[in-house]
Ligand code: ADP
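Let's start with one chain on its own, the form predicted alone, as structure tokens.
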């Protein structure tokens, strides 16, 4: 059953600035959906329209099949966790978590039961009598989440809740929020600009750019089957490498870069796909883990690109190697074995069995 449904939802601000353009999205009961994209893509605006904090310019928003465009935020039965926690500094943790329930005239026993239950789930029982100022960032975020939990809402909304935390605490908290989702069996909509957060937390991910939804899919499909160059480059760390060139036909199809420096036979599986692109411009996309340092034997050195390393980044269990093709920086991701020195000349093989191709003019994936 759909818990939240957006139909052609659009937001236009004064002055004619369109922040969100005809978003269509169905979020199902108990699903964890992540909205992700660069700053200004419309993800937070979309979340705020669901919450009722932004007016919808056009389109329809349903929560449990009820049209809620004109329903006030307090009557939508949603709970929102903000980036800056939004805790009352003069109240204790208990009072902060209980505040919304008091406004809704719950009796004291019900309030106490819900607050204590939420505090146990989040491991903050020992902080209930403390003020927010003495808590760490992670503890404050737990209180903010606890304040949402006690409401037992139909939908939880998270607006970049981890962006104020340090890297280690962000990893810990995203794991805890994922556990919380499974424990509560709740419907959650989560906004982030961090694609790693999105990939590790979401059942489905909504990729947005310039107010438009580019792709909605599960993490694995987004990684392996991006619909366009933007999605391909946004998902994955380090990002996918792109090389412009064209398809030529000799005895077999080949991808050749603009200055003939990269000349690679096309895998048989791509042959039918790329027939219509012979002698046309196209963009090759290869992930860093699919570019390998070539050995010295004859088989290894065929179809290689020789380059001088610009930068070597040891990451512990792996190494990032940076070199250049046609003025574009390319990253290879290799195992951490005998890292080469910068300015070393190396041969690299591109594994085209895992490559992606994009129409150069439309930037859409060739399918």
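Numbering follows the first chain given and starts at 1. Here the structure is a predicted model, which is why all the values come from computation and not from measurement.
One more form of this protein exists, namely the form predicted in complex with adenosine-5'-diphosphate (ADP); it is left out here, but the text below deals with it.
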Indicate whether adenosine-5'-diphosphate (ADP) has at least one heavy atom within 4.5 Å of a heavy atom of residue 42 in the model of the complex. yes
Touches adenosine-5'-diphosphate (ADP) in the model of the complex: residue 19 (any heavy atom, 4.5 Å): yes
I'd like to check something about residue 342: if you look in the model of the complex, is any of its heavy atoms closer than or equal to 4.5 Å to a heavy atom of adenosine-5'-diphosphate (ADP)? no
Though only this chain appears here, would residue 38 touch adenosine-5'-diphosphate (ADP) in the model of the complex if you measure heavy atom gaps against 4.5 Å? yes
Looking at heavy atoms inside 4.5 Å, which stretch does adenosine-5'-diphosphate (ADP) contact in the model of the complex, given the options 330-338, 317-325, 25-33, 43-51? 43-51
